[in-house]
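Given next, in structure tokens, is a single chain: the form predicted on its own.
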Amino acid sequence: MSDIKRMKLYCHPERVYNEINAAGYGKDALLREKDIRFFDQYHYLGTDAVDDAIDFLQVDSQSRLIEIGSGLGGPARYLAEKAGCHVTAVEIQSDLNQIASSLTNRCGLSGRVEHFCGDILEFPEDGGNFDAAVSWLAVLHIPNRQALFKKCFNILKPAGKIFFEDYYKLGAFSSEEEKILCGDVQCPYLPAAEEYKYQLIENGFTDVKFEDKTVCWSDFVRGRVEKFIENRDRYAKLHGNEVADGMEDFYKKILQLFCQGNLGGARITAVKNGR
């Protein structure tokens, strides 16, 4: 956790307030979830990816979800607003968690979104309370997959489900790719697809499905770089050159990884075995 701020995506998270203010909302103004959904989602394809989770998990007002690596709370708030469910949003970075909690309060969603600052591996196990565990591009930061999947199994209800969007290893990484993954992405370990599936099965999950998203995500990160460069002057004026330089560097390195052909992306779903 001490090195997570080497990942420039997570530096200066207060920049979300600059975006909110620029959109015309005052510092303490009440907000609606839809007012900020373009600023508070760090993962790929924004709320479309969350909609897919709602559909797959059949989320409704009675559902209880836990999100692993909830960032600024965008997906959790969207889930709560659209489906009416309860979400426990777990985020290890205290600054992101504090901002997320503040935004949730301003959106009037504190009754349905509970923010928990801490390591998911240390999350209390009070029996299986959750219908589903969800995560968008956060599992990649957790090298101890055995402990993570065991934790997920223990906190889910019988027949509970997981819905993860995550990186996986397509081919052997070069030393430069490993350097980017370990440093710039804070991803010290990445399994191949079959290893990923085996680890889930080994920890009590069944009906494991691995939907490849590599081509889609490659297109997304390429478009993200192009859009950022096109709007860089506006971004630098709003957030400062240091932040703009950091984000441009991060986006380009992610694109570099996908272009090399060894980094894959996937949507992973599974069901807790009833044993």
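When you see a residue number, it is the position in the sequence shown, counting from 1. Since this is a predicted model, take the numbers as computed values, not measurements.
One more form of this protein, predicted together with a small molecule, exists but is not displayed; see below.
In the model of the complex, the small molecule lies within 4.5 Å of some heavy atom of Gln93. In the model of the complex, the small molecule stays beyond 4.5 Å of every heavy atom belonging to Cys85. Taking the partner from the other structure, the small molecule in the model of the complex has a heavy atom within 4.5 Å of a heavy atom of His43. Interface residue remark: Ala266 is not counted as part of the site for the small molecule in the model of the complex, having no heavy atom within 4.5 Å. Among Leu190, Leu156, Leu181, Ile142, the residue placing a heavy atom within 4.5 Å of the small molecule in the model of the complex is Ile142. For the options Cys107, Ile162, Ala138, Leu170, the residue carrying a heavy atom within 4.5 angstroms of the small molecule in the model of the complex is Ala138. Here the chain stands by itself, but in the model of the complex one stretch of 173-181, 201-209, 98-106, 116-124, 116-124, has heavy atoms within 4.5 Å of the small molecule.
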